[in-house]
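First comes one chain, alone, set out as structure tokens in the form predicted alone.
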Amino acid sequence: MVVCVAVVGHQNNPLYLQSFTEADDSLKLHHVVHCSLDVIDERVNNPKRNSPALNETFLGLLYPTENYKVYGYLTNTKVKFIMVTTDLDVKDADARNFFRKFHAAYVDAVSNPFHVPGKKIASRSFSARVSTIVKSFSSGTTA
């Protein structure tokens, strides 16, 4: 189950963060997302030979914690998408598909002429679309 998704700008400024849990753990999820930024920066700035190519946008599993697994995606404009999940067996293909849909929703949201680049995304239609993508991912279907 996806418990949190986030969009972080190229200057590590939070553009969007949504939690999908009943509990009041938003501060904990903020911390998990913030820690994942360090892992993303490390992977981008210090690539290894056996790691995915730099032109690969899907970063894969960033790090597992006791309760969560954190996945990342980096756009060409250095905008970062982060997914925090409680599932132990997420397939890379499913995570890639999730991030492609999430990226498409983001592109549609920032293409709005009333959106100010670099500011938080406050679109209700974007939030609804993200919720739909998360629900379809959590149920195992492809929408």
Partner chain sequence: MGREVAESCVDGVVMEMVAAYCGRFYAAKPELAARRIEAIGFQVGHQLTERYTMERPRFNDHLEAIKFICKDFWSELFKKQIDNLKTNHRGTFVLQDNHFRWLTRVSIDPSIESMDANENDSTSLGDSAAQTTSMLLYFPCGIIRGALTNLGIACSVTADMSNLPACELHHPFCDIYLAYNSMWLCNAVTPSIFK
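Bear in mind that the values here come from a model prediction, so they are computed numbers and not experimental data. Numbering follows the first chain given and starts at 1.
Missing here is the form predicted together with its partner chain; even so, the following discussion is about that form.
Undergrad: Mind checking whether each of Tyr73, Asp108 and Asn112 has a heavy atom within 4.5 Å of its partner chain in the predicted complex?
TA: Yes, each of Tyr73, Asp108 and Asn112 comes within 4.5 Å of its partner chain in the predicted complex.
Undergrad: So which of Glu56, Asp87, Asp94, Asp41 gets a non-hydrogen atom within 4.5 Å of its partner chain in the predicted complex?
TA: Checked against the cut-off, the match is Glu56.
Undergrad: Wondering, does His34 line up within 4.5 Å of its partner chain in the predicted complex on heavy atoms?
TA: No, His34 is distant from the partner.
Undergrad: When the contact criterion is heavy atoms within 4.5 Å, does Leu61 count as touching its partner chain in the predicted complex?
TA: Output for Leu61 is no: heavy atoms all beyond 4.5 Å of its partner chain.
Undergrad: Do Thr65 and its partner chain come within 4.5 Å of each other in the predicted complex, heavy atoms counted?
TA: Flag for Thr65 set to no.
Undergrad: Give a yes or no for His30: in the predicted complex, does one of its heavy atoms lie within 4.5 Å of a heavy atom belonging to its partner chain?
TA: Judged by the heavy-atom cut-off of 4.5 Å, His30 is well away from its partner chain in the predicted complex.
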